[in-house]
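As a starting point, one isolated chain is supplied in structure tokens, in the form predicted on its own.
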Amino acid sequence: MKAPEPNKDIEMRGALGGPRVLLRRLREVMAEPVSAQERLDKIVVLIAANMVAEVCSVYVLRVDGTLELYATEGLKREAVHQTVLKADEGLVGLVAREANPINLSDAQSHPAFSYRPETGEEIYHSFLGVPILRAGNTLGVLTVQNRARRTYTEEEEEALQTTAMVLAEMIASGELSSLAKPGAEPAARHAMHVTGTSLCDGIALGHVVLHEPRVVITNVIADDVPRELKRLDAAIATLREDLDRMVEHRDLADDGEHRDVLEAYRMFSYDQGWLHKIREAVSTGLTAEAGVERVQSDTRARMLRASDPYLRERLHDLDDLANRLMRVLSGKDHAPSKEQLPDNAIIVARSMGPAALLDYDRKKLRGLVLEEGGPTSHVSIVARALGIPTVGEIENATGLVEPGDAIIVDGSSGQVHMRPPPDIEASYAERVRLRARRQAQYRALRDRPCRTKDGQDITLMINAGLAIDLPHIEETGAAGIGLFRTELQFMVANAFPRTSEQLSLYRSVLDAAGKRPVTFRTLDIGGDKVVPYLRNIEEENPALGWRAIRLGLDRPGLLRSQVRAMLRAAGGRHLRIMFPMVAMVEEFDKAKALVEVELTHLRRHGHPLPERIEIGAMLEVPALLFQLDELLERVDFLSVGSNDLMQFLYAADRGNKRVAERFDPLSAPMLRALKDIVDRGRKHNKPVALCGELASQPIGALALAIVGYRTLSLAPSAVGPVKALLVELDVKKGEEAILPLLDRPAGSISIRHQIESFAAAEGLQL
């Protein structure tokens, strides 16, 4: 006689087979041609049966921040789509808020318990809830409940978390959107508006390209678990080999902080706790890729909620390792090639080096969004040089978007719109058209002299640092390059640029400028400007540390090789050399003496010399304010670096969000200092320019013209707007309205509002 078939429920409940059988059945349900609601209803029935639970419910996070009951087995069916919980309501809200499982034998005694009579859940005591996570973002909550007081086992909790991954894919795909009322759609894949820090002005509309693309998992459920575990082990071995090669690379052979970082990174790849979690996830029936993503999503959720900086950094390392492991498993490249980059690409990255940004095709690149990186980060400097609208400090940016998502980057306000609705997209498209019309107006001013209404000539020059900047001289009609940041060549290179490479760049800059002047600033590295091939010295206050001229004077060979390249490039031409971060007159004297040594060397070897040499200093250290007369007797010119001068005057780190906006550069103390510098320069008959960010803002340029500056060096994209304002300015009227404010007793020391009022009264566009 044929033996009876084993009960299917018993088969599913088996300690080893239960989760795997459940996942297999879930895959079958996911493949059925049924409606989204029918699919959800079948899923909760399957989960309840597998876990011997009397209730299984799915709550989905909505765009308004509430949690809606989307499906249930065990609670009253009429409560589906009617029960809506606030984000801070009940145990379900607690699971969503903390992104952690909650396992209780007596849920009703928990202080967060909230009773909703329409569900009929008052008879259930045991509760297990897990967040439905994707890329660290909570999409909803999955719960099971029982009448009997019991604590669910670790295996049951693990099984429910694994099942939540399947639901996460379903929610993220947008399949449930058809079940939602307008304004109450699932938060996943819906329009999102976030605000970060503006790093480069401009507006960009395009589609997301992840700098480190996540691997898209097409198969969550494993057919052969032992095979998946073998694939995982092989991928981990490959990952470790790659990291070993990275650490032992000959370019990194010297000890230093960079090596310590890589050693710590390699150590994490051997972390048994992390690897055990991944193997455990795969053992429940997931593919190797899905197991890695499951653990990565949990890590990201913890990272987003961690307040300890050290812990966040360690979680970042694990997150990055998971990305690398996923790419090994899938055989995917680190980033899209130039050929694969779509038109209107907007790069979204956790962080980037300047060289990585230059790898992308500029013709297709429209914007940049960063999780990290402030206004002074190296990638921000390069983005501004390229004129790419950029917003930084967008938390979890890479987890909020998918490749191909529509996105808008507003670099002027720091706003980013992800998957924008049609009205927002139309509004920004109109703003882009308006900006294009303004750019046409600015181009019409290109060949017109920058002369104010009352006849004051103001020289506008551009800041540059890369060969890609050189066409901007002609495009903007600028009078020359007021600041050429020579360190950018060093920052984007993988090895120290040879003298011949420096010579080639400086010669090409002078060729592009023609008869227009170029001011080369010698290397300003050290501090926060770290180059990978030089050993970095860890300092408590790097901005105040061993950098710029201090490093150059201590390593004279470095400074002399650079000066020699400049002198040779300028053979028969006009050369201007400027030393940064000068704090004492003696430092300028020593640096100038090195130039004389190099001139003697070139004469001895018969090289053609520059026709004319001017040597100046950058004024950014407040100590020079009390040595101005002595300094102006020695220099041929001065250039004010308003960025550093501002942060040193107020002892406020411009890279620190908490204090960077605390003090206004358009304040009486700052403007008094700037006016004193330019007045002293006039007294000594020495030209004084300003080349900081203040000059690139129309309101800043207005204030500078009023206090006496007649040479400004600014970002190429700012030349048009600043020139359009200055040609409409009556400087004498501005002096009468604003200069008396600098001498009055300080109440509110910012005079930004008064400058804005003056501009409005004069019809000047800020």
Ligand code: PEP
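Rigid core: the largest C-alpha set superposing within 1.5 Å between the two forms. Please read these numbers as outputs of a predicted model, since none were measured by experiment. Quick note: we count residues from 1 along the sequence shown, nothing fancier.
Omitted here: the form predicted together with the named molecule. The next part is about that form.
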(Q) So, residue 373 and the named molecule: in the predicted bound form, are they within 4.5 Å at any heavy atom pair? (A) no
(Q) Is residue 521 part of the interface with the named molecule in the predicted bound form - any heavy atom within 4.5 Å? (A) yes
Q. Using heavy atoms and a 4.5 Å limit, would one call residue 201 a contact residue for the named molecule in the predicted bound form?
A. no
Q.
My question is simply whether residue 289 lines the interface with the named molecule in the predicted bound form - judged by any non-hydrogen atom within 4.5 Å.
A. no
(Q) The chain here is shown without the named molecule. Which stretch in 616 to 624, 320 to 328, 102 to 110, 79 to 87 comes within 4.5 angstroms of it in the predicted bound form, by heavy atom distance? (A) 616 to 624
Q. Considering 129, 285, 641, 399, which brings a non-hydrogen atom within 4.5 Å of the named molecule in the predicted bound form?
A. 641
Q. With the named molecule left out of view, which of 680, 654, 419, 231 would have a heavy atom within 4.5 Å of it in the predicted bound form?
A. 654
Q: Note that the named molecule is not shown here; using its position in the predicted bound form, name the residues of 464 to 490 with a heavy atom within 4.5 Å of it, in sequence order.
A: 483, 485, 487
**Q.** residue 670: Cα shift of 2 Å or greater between the shown form and the other one (core-aligned)
**A.** yes
